[in-house]
Ligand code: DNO
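Here you get one chain, nothing else, as structure tokens; it is the form predicted alone.
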Amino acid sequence: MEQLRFLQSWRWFGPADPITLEAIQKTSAKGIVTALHHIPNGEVWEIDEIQKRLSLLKKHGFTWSVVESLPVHEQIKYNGPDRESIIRHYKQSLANLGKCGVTKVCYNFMPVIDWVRTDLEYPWKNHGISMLFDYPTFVAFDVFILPRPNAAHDYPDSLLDQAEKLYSKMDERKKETLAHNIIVVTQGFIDGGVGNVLDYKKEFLRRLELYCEVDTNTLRENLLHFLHEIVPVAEEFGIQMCLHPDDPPFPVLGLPRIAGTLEDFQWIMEQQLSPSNGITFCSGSLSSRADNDLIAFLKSLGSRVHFAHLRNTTILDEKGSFCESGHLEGGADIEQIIRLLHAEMTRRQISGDQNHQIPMRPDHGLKLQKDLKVHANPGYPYYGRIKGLEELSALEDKILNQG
């Protein structure tokens, strides 16, 4: 029996990505994790567009290992008037991907905003430049800079006091930078955000208002409706859907979050028992919540993991602040995580599952000195991710050599 390894992969944001396929060829990655970012959310991914992307990747020696992502339109999440037609488009896109042999699709169900950070240039020890989520600073943005109506009701007085003190020390430039980073910079290149509009805060508030009557139960119901519609199509065309955890895995901006804990994922997996209803295991997102036990998560739901994002976080205080601390250092036991994922791949192989290999990509990365001269999307430095991929590969080698 062959020695199993992860399918080493690299996230690429398409032809507009400043990190080119030629640059990625110099890494050890064999698979590309990408999407058709030029197609507006909610429209059909036609076969010819999928084939063009496949041909481009093949020309550079890569496989299309995972679609990340086929975005879930906001109307699906809040049950807008065009929900059913948009779901039909989604199902057609899945069918077209399956016909082209692209069979792993990562997606998320986070309302309005994907990942949230308050500082994109946070020095982390002597290891490089990280990204930070500082909870009091985020509260200052939400309550005083945005400001979201009635936001103060969501936070305890002690946190509001801290946030107000931080806000009082910010000049106008710092306030604007914080808001622009959260709403625009971190979202625009991943099919999210409000787009290139002049009054981006007003547009952001308008989108938040769409969820004013959507609580946790309603968002869960909307996810179940989506899964009820798409899972049969995924089964028919051999596609594995991979739900990504919320980032951060707790409520923000008054919005419900429904995919942040083991209990959340157990409930979601129980609603659709099909293997096509699966998980993207993101150690970075999950480890940024102190009460998440990632080992227990994999022991419970490892059989539903079809894709892995590996990175680490360090929790900085009891409020919920954290920073991205590289790929190996932090609260997540990456060695044990790799062991459990390898055990799952072996189990699948022994059982005769032809789709037993799990694609893995080094998620995010610390910005290194050499990265200061290389333009890249926030969180996706070139050399920092190479370092992460090499570290993860070396750890995988160590585990395999130990038998």
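Source: prediction; values computed, not measured. For every residue, the number given is its place in the sequence shown, counted from 1.
Not pictured, yet referred to below: the form predicted in complex with D-mannose (DNO).
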item	value
Contacting member of 110, 294, 184, 151, with respect to D-mannose (DNO) in the model of the complex [4.5 Å, heavy atom]	110
Contacting member of 257, 289, 244, 220, with respect to D-mannose (DNO) in the model of the complex [4.5 Å, heavy atom]	244
D-mannose (DNO) contact at residue 11 in the model of the complex, heavy atom, 4.5 Å	yes
Proximity of residue 323 to D-mannose (DNO) in the model of the complex, heavy atoms at 4.5 Å	no
D-mannose (DNO) contact in the model of the complex: residue 106, any heavy atom under 4.5 Å	yes
In the model of the complex, residue 380 touching D-mannose (DNO) (heavy atom, 4.5 Å)	yes
Among 23-31, 355-363, 43-51, 340-348, the region lying within 4.5 Å of D-mannose (DNO) in the model of the complex by heavy atom distance	355-363
Members of 112-136 lying within 4.5 angstroms of D-mannose (DNO), judged by heavy atom, in the model of the complex	114, 115
